[in-house]
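Have a look below at one chain only, the form predicted on its own, in structure tokens format.
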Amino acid sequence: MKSVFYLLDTAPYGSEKAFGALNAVAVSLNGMNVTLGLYGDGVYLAAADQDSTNLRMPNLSDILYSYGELRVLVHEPSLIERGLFDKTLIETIELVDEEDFLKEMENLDSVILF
């Protein structure tokens, strides 16, 4: 396997799925083409200036900044549905429409769902 698409469709806080996905992504970056796709409630991870202090969890959007080589695709229709389209998003993401999001998933060797 030379390329992998990790799909995160759950909110970044409230479960361990987003944190687990980011850890899996970090491990996979060594020698593989890795893309993280944010879909559904997963798009909340793309919001800038998150403050998770009261949740006693690490700031997950800060982790995205730590891996500059990671490609992060955000499903634009999911952003719009959640009222986030006009909000400040982290700079390292790429907004894509439904068709391009699905093409990216199809073009990689493996898709892993979180």
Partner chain sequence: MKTLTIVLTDGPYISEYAEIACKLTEEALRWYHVNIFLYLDAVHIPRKGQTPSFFSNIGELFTGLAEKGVVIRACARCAAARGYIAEENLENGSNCKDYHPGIRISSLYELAEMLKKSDRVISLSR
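Residue numbers count along the first chain shown, from 1. It should be emphasised that the depicted structure is a prediction, and the values quoted were computed from it without experimental measurement.
Keep in mind that the form predicted in complex with the partner chain is missing from the display, and what follows is about it.
Student: For the three residues 4, 24 and 28, verify that every one has a non-hydrogen atom within 4.5 Å of the partner chain in the model of the complex; reply yes or no.
Tutor: Verified in the model of the complex; spot residues all in contact, yes.
Student: Just to be sure I understand the contacts: of 84, 57, 70, 32, which is the one whose heavy atoms reach within 4.5 angstroms of the partner chain in the model of the complex?
Tutor: Comparing distances to the partner chain in the model of the complex, the residue within 4.5 Å is 32.
Student: Can you work out whether residue 110 and the partner chain are in contact in the model of the complex, taking contact to mean some heavy atom pair no more than 4.5 Å apart?
Tutor: Contact check for residue 110: yes, within 4.5 Å of the partner chain in the model of the complex.
Student: Is residue 20 one of the residues lying within 4.5 Å of the partner chain in the model of the complex, judged by heavy atom distances?
Tutor: Residue-level check for residue 20: yes, a contact with the partner chain.
Student: Since only the chain is shown here, I'm wondering whether residue 99 would be in contact with the partner chain in the model of the complex (any heavy atom pair within 4.5 Å).
Tutor: Contact with the partner chain, no.
Student: Are any of the heavy atoms in residue 106 no more than 4.5 Å from a heavy atom of the partner chain in the model of the complex?
Tutor: No, no contact at 4.5 Å.
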